[in-house]
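There is one chain below, alone, in structure tokens, taken in the form predicted alone.
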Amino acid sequence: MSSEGVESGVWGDLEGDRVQRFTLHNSHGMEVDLCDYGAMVTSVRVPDRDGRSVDVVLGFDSIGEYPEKSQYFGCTVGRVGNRIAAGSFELDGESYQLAVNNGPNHLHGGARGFDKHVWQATEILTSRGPGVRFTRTSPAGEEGYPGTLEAEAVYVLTENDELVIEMSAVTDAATPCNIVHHTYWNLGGHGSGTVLDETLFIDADRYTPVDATLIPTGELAPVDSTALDFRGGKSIGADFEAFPPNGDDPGGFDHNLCLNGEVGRLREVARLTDPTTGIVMTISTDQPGIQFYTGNFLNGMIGKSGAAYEKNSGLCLETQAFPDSINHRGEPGWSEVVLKPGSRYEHVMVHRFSTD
């Protein structure tokens, strides 16, 4: 089945659910593969500086491999992406206990978050280009959250070589909401080795220091004179030794940076470049933070076309509200993450591709 700029078909079955895959095309040779399981991106193919098509997204050849192997590859995570301390919070005088699925904490929506459900999918053709709208209803009490949440994730591929992702939600009762996109990128190609030679710029003067379980302390600390200062652009490996392995922690970057600029306004916040392919990806967002993660827990699982995804074979740049924001409500510099009836959660991120 296909419409202008969109092709679709059945990819397979997963626990009795039929899973569909969609491919978006533009006239410049860029293609994006999407899937209704987890409302996820499974491939992004872009021309390199020599015009060769390069798949810059980590993933798997079959849908059945995702539940078994995936570390949130390409998916939409929610109701709250990232961590909530001890999986607990208070809201309107009530205490809530969520699933604890990451050491002592709640991570990426819990044991079965948004990434582990099949969403409803609709092909769309917008003024900007072809796309797919994914929707799902998260019932009250799912993973311990209050309120029924109607969530949406829309992907559009533009003629400007942009992958636009718009995440939104409404609720019938107050609830935390921080929906996050979680693709692993490697601009050298998904099977090309580590990302440590890629150059990264992030427009952030501050970051959120964390405790031993990766929960923010509440401080918004300056990046000055730290390995987290990417304001001048530098190779990812330049200061990698600042975060060495320690016990069960494999080391590497896994930090939330506090983005400069006005929250709620779309602005360019990051730029990633691969020296071999010349592929450049810029990220624009309206969010306050970005989680920079260097695939530290990748363990050699076999991905697309037999590629082995070893440690640091991909990186994530996840725009978001700060981790554990629900437990820092009202503190200076922290955004409100409680969604109330009558309001709409909105989160935009734009990935624009070019070559140097």
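Every value quoted in this text rests on a predicted model; they were computed, and no experiment measured them. The first residue of the sequence shown is number 1, and the count goes up from there.
The next section is about a form of this same protein that is not shown, the form predicted in complex with a small molecule.
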- Closest heavy atom of residue 184 to the small molecule in the predicted complex, within 4.5 Å or not? yes
- Query: Would residue 214 count as touching the small molecule in the predicted complex under a 4.5 Å heavy atom rule?
  - Reply: yes
- Does the small molecule get within 4.5 angstroms of any non-hydrogen atom of residue 72 in the predicted complex? yes
- For residue 36, is any heavy atom within 4.5 Å of the small molecule in the predicted complex, or not? no
- Item | in the predicted complex, segment of 289-297, 22-30, 326-334, 38-46 with a heavy atom within 4.5 Å of the small molecule | 289-297
- Picking from 229, 166, 254, 172, the single residue whose non-hydrogen atoms come within 4.5 angstroms of the small molecule in the predicted complex is 254
- Of 190, 83, 117, 206, which residue is found within 4.5 angstroms of the small molecule in the predicted complex when only non-hydrogen atoms are counted? 83
